[in-house]
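Only one chain comes next, encoded as structure tokens, the form predicted on its own.
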């Protein structure tokens, strides 16, 4: 059956649009996680929505499961094909439509990388304010499927705040348009919002009409050395009361900064401190930031304020390049969220847990202080076997998610549930809520062919 099925795909899409080479399967069958060995049936690259619909309909008729694939920068194994699924890559859907400057909207293909879209919008003085460290490879379809946040959630909110309409292929192969280019539309259910954050389990997003914002004005960037995450939270509160607009407020431990310095060769911006805060603000009233920081001597150990754009961009690298600097190590990443007021407490509890239960591990913490999103990066010793490492990571996950639950938090702030976090979903979402999610899944994908096994099991 699989041979005939693949030949049918080749006959309709072209031979170069279907791959079964083991190297290709390994590459396209996984995301940034390495917890699951990829084992897809094949990879296909349709060129437009009509070809996506053909593939999905063929899969429906042949009962072949599908894993939609974007930039595969997720950290929850949401784009992993480990059970003979067909990887449906949206990489070739890269059309960027005309920019409607008056309406502040644009329609783009799901495979457009985030950075490519921003480059296309910049000449119009606009941007899509979902700003990711992985923007060079993360795609619009993936941003929406995971309701991506990024570096500017504090000011602009998540991806769902900036989508007006979607073009979607349902599990049956039917093409539907949900919403449109309207900024105001209260005519029934906003079904496009149901697809945002659904991790490809309810439909395949092939194009999106996005709301746009004016490019940010000139900003001032500074890095502050602090004692701990509690000091970072207090600094954030103080900055919020000032006459500035906060674009981003990021915190990172010294281990993160040291790894970036080692990996990139960048100089240290400040002498060693336990925690650093990177702040990006618009300052229309001309607040003397250096003087303001100097007046916080009981809180601020040291600080550097960028004096020009080049220095500001260099300071941002200490935050944006953390993940790539940690990636070569034996790394287990986690992405959780709690109320902003609980973030410092969670950071302290996580550090204490690792000190007590994994004293030979290192833990690198960073995150978006302004929206309560903490990234926990556990660095294990190299001598552990793979099996022992995975078991130890699972044990640490259980402890972390239990801590998050006590603060009324979420075990996924940005990357979704996927396969990695599925066993723990019940810690922060109650049974009735998950039951309703399953009901929606059964209604839209009764055969369970779209990214099966992700988020929850049916």
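Numbering follows the first chain given and starts at 1. The model shown is predicted, which means the values in this text are computed figures rather than measured ones.
The form predicted together with ligand 2HG exists for this protein as well; it is not shown, and the discussion that follows is about that form.
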In the predicted complex, do 85, 420 and 454 all reach within 4.5 Å of ligand 2HG through at least one heavy atom apiece?
-> no
Identify, from the list 75, 171, 223, 260, the residue with a heavy atom within 4.5 Å of ligand 2HG in the predicted complex.
-> 75
Name the single residue among 128, 229, 318, 366 that comes within 4.5 Å of ligand 2HG in the predicted complex, judging by heavy atoms.
-> 366
Stretch in contact, per heavy atom within 4.5 angstroms of ligand 2HG in the predicted complex, of 96-104, 264-272, 140-148, 366-374 | 366-374
Using a 4.5 Å heavy atom cut-off, state whether residue 234 contacts ligand 2HG in the predicted complex.
-> no
Within a 4.5 Å heavy atom cut-off, is residue 323 in contact with ligand 2HG in the predicted complex?
-> yes
Is there a heavy atom of residue 333 lying 4.5 Å or less from a heavy atom of ligand 2HG in the predicted complex?
-> yes
Is residue 414 close enough to ligand 2HG in the predicted complex to count, meaning some heavy atom within 4.5 Å?
-> yes
